[in-house]
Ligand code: PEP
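Next up is one chain by itself, shown in structure tokens, the form predicted alone.
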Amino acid sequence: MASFEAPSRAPLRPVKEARPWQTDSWQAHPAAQMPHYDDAVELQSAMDKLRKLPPLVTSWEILALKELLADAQQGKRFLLQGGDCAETFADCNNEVIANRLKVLLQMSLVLVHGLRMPVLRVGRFAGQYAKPRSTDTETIDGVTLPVYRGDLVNGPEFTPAARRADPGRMLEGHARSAMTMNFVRALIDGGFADLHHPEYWNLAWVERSPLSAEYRHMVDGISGAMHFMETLAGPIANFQRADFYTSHEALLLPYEQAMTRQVPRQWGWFDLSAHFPWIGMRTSALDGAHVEFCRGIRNPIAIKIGPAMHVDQLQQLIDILDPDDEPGRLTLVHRMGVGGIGQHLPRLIEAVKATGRRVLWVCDPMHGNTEKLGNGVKTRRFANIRSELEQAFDIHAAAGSRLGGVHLELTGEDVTECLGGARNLSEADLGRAYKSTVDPRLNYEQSLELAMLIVRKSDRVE
């Protein structure tokens, strides 16, 4: 997690006067993707309890991240954002958390070595417990119940009790997020990310992957370079740890509202449930509750944008969420699908260029490439993920823009949820270790392969 040091320069107050905002202003706006709570008193009680609990992140961590994102906007860093599609309370255990951190550290090692620039690591975890859904209900054998919206809202079991939106789950989500973050902090502060020993990050795939030789050569090269540098200059303590930040979709607004606080010696409001919240494609309406909530917090904000995004809508979103063109404030995560990125991304890049605003462009090659097989299982094809990402680099380069990061759904576990990759997983392989409760994720081998492909593609573009 980020180190506990104040940011290097004091943030400025906003230049433009915005309309009044409060933590509950969103309640006067249409709220998409929100569960129905059948007991308002119970909901209010849970929110009141959340307000009294300690924050999960700090304001100075948030402001430090914003400075790093500003560097990424200028091409001085590359953003690696990744983690589970939807965390579950059951996965809050040391092995899952450590493996998730390992694969992100391994990917960042590949990217730093290949891109020759610092990598900003942001995890999709310690709070990614709620998910948007296509429908409000689900019907099985003639029985209709509310859809599963993630462990922060209800349970996956198809029973009336499990599918009831339970406000008490927000308290459980806070506890699980705190435990996850505490363990990640302890791992990093204890030297888990020590670059003196990158070989310790190896997972089992290194022994049997077609990419193992390339990865081992990279690790050996880094170790040799560090030994040479320290022979000349002495021990370099900064290589013993890594900054790490958390993110999740700011979807369940009662939870986000209860975690939004004012802090001493800072103006404004901070959502202290995560460093880097984002607005999903389904909740980006200009007059919507989620945009209203996010415009008032000082965290850096990301917006997911898809093929249906209109040019004028995107420009207005930028005006609403970043009226002062603040460095590091706004990240645009495009998720077009392999067949749509060539048609839709260029017009949106030109629309943003016309505003003259600073944004960080990031590619999410996962969500636009989800498909359902004949047996009803959802999957993604590695070839499509790779192609969308490669097209993104080319499109940005042609438009005089810059792709500054990737946003991935992945896991450190040996799952079989996405087809293809170095081991060429087939439909028959999916049944072996398909564990996701919502969307298919890259496994650790596919994740490392994608990092290597990013480096190769970046070299070709440059």
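These numbers come from a predicted model, not from an experiment. Heads up: residue numbers just count along the shown sequence, starting at 1.
Omitted from view is the form predicted together with the named molecule, to which the following refers.
- Remark: residue 340 does not count among the residues lining the named molecule in the predicted bound form, judged by a heavy atom distance of 4.5 Å or less.
- Among residues of the shown chain, residue 275 is not one whose heavy atoms approach the named molecule to within 4.5 Å in the predicted bound form.
- When contacts are judged by a 4.5 Å heavy atom cut-off, residue 118 does not count as touching the named molecule in the predicted bound form.
- By the criterion of a heavy atom within 4.5 Å, residue 304 is counted among the residues contacting the named molecule in the predicted bound form.
- Figure note: of the listed segments 154 to 162, 183 to 191, 315 to 323, 126 to 134, the one touching the named molecule in the predicted bound form, with heavy atoms no more than 4.5 Å away, is 126 to 134.
- For the options 113, 378, 358, 367, the one in contact with the named molecule in the predicted bound form, meaning a heavy atom within 4.5 Å, is 367.
- Between the named molecule and the residues 263, 281, 179, 98, the one pair within 4.5 Å by heavy atoms in the predicted bound form involves 281.
- The candidate site formed by 87, 169 and 256 is entirely out of contact with the named molecule in the predicted bound form, as no residue has a non-hydrogen atom within 4.5 angstroms of it.
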